[in-house]
Structure formats: structure tokens, C-alpha cells
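Let's start with one chain on its own, the form predicted on its own, as C-alpha cells.
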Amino acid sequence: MSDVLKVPTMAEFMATGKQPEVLFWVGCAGSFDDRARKITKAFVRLLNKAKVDFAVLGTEESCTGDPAKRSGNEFLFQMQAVTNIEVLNAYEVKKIVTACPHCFNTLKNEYPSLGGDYAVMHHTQFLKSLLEEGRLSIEGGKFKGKRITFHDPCYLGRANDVYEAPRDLIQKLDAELVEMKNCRKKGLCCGAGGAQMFKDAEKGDKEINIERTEQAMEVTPEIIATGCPFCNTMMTDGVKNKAEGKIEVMDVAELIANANDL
């Protein structure tokens, strides 16, 4: 597996007078968190495999402002959002794909009122579209027959009604998709949303991610699939606490990249 990845920037594209098919919004977690970087790399390998003309903003990308807004700092959110919108509009960006549902929700639903109107897709939606267009194929390979449960991210599922794209991709792996009792519209938060990722836990009897991990363990999966870097962190911590060595936590993009030996 080569670690030399082709990741052009928007500045490089503009220098040649071309526009990419899509802008890949990496997000803070996908840029700086060691675990989430693996998801970023897996998705880039899939984009390269499908010969998608994509670009990133690189150092010109900053936080969408989601944590600031969710924690109540509307002023900071608008400052961050307007800064990003100025950059995106200067590059005449039309279509954005991101592997973070927090970025996805904010770019899709909260940027338009501030002057940032883009077609925004979650990476599972984009991968599904590549599959349907015949630009990407999925091999079952090492995941054939594996019991996989999908944890619905709040900002992908309940906030934006995206439930089927990640599940369709998992089923294309010839895996056995098993559902937790709280799934789809009744999905349970991993505990990181609303900027909770960045603050200490409040008083209570049990952490939310432990409760969610226990729900996953009830259906005896070999893999918990996620579609969000925050969910991945929380579920990984839950597994370390309750079932270390027994269950893997992987992003949907990682599942597909691994199945295709990328």
C-alpha cells in the first residue's frame, strides 16, 4: 500500500486555469487527528482509483465553525463561516464532498444564509454515486460475510435524513448488515455532538459512548462502521472500555478501500 497520495490544492488547479469536479473538504479531525487522517487517506485513495478530479483547500481551509455554533458562540461561528465562504467563492466552488457530517451539515444548511451556496455531499453519498456511475467497483473480499453494524451519525441521519447511502455501501461488500435497536431515525448519539467532543463529561452514571457501544455489542458485530470522525473516536473509546480486541471500528471509506486493497 503506497503512502504517496496525489492530493492537489485549489490554488494548483486555478494556476492551470482548470476547475476540479469536486472540492474535498477535509475538516479539522481529518486534517489533525491521527486516527481520522487514516479515513482521509482511505477516501483519497478511492477518489484516485475512480479518477475523480478533486482538490483540497489545504492551508486555506479553516474550521467550518460547527463547534463554535453548537457551544453557543454565534459571533465566532459567523466569523469562521464568512472567512471560508470568501475563499470558496473566490475559487468559484460549486460542489463539495466531506467525510465529516458536522462539516456536511454546516456547509449545506448554514452557509447559504451567509452567502455560501454549494452542492454538498457526504462521502458515503459521493462514493455511492461513483459506484452507480460505474467509476468505482467494490469487492467483498475480506469483509464477505462479516457482521457489520452501522452507527448513524446525528448530523448525517436525523439532521439530514441520509440513512441508506452508507448501508448500501456496506451491503455491496457482501457483509451481513446487522442493525442496533436504536438506528436510523431512532439512532443514539455517540456523545461527541454539540461540541461535547471538546469538553469534560458532565455528572451522570454512564458515558453516552459506553451506552452506545453496549447497544452495538448486543448484535455481536465484528465491525462497527461509522461515517464520522467524531463517532469513530467515541466508538473506539467505547470498544476499548468494553470489548477491546473483539470489535473493530472502521469508517465506511476504510472498509471499501481495504476491500479493494487500496
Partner chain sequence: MEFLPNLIFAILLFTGIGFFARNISKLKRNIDLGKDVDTSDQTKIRWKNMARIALGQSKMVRRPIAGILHIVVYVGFVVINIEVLEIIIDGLFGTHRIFSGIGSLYGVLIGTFEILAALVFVAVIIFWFRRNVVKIQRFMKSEMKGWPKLDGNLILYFEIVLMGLFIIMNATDVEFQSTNSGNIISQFFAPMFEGYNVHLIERVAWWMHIVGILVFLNYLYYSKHLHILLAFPNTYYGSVKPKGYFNNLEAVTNEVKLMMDPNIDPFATTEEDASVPDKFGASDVQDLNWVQLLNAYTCTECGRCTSECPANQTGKKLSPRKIMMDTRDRLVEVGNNIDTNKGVFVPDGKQLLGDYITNEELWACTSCNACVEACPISIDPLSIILEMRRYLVMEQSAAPMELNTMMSNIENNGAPWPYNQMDRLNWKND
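Residue numbers count along the first chain shown, from 1. Bear in mind the structure is a predicted one, so any value in this text is a computation, not a measurement.
If you look for the form predicted together with its partner chain, you will not find it shown, but the lines that follow are about it.
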| property | result |
| --- | --- |
| Option touching its partner chain, based on a heavy atom within 4.5 Å in the predicted bound form, out of Ile223, Leu46, Met235, Ala29 | Ala29 |
| Interface residue in the predicted bound form among Thr149, Asn105, Gln125, Thr98, criterion: non-hydrogen atom within 4.5 angstroms of its partner chain | Asn105 |
| Proximity of Lys186 to its partner chain in the predicted bound form, heavy atoms at 4.5 Å | yes |
| 4.5 angstroms heavy atom contact with its partner chain in the predicted bound form for Val82 | yes |
| Contact flag, Ala216 vs its partner chain in the predicted bound form, heavy atom cut 4.5 Å | no |
| Exercise: Glu164 in contact with its partner chain in the predicted bound form, heavy atom 4.5 Å | no |
| Stretch from 88 to 96, 169 to 177, 187 to 195, 127 to 135 whose residues place a heavy atom within 4.5 Å of its partner chain in the predicted bound form | 187 to 195 |
| Its partner chain in the predicted bound form - contacting residues of 66 to 101, heavy atom within 4.5 Å | Pro67, Ala68, Lys69, Arg70, Ser71, Gly72, Asn73, Glu74, Phe75, Leu76, Phe77, Gln78, Met79, Gln80, Val82, Thr83, Glu86 |
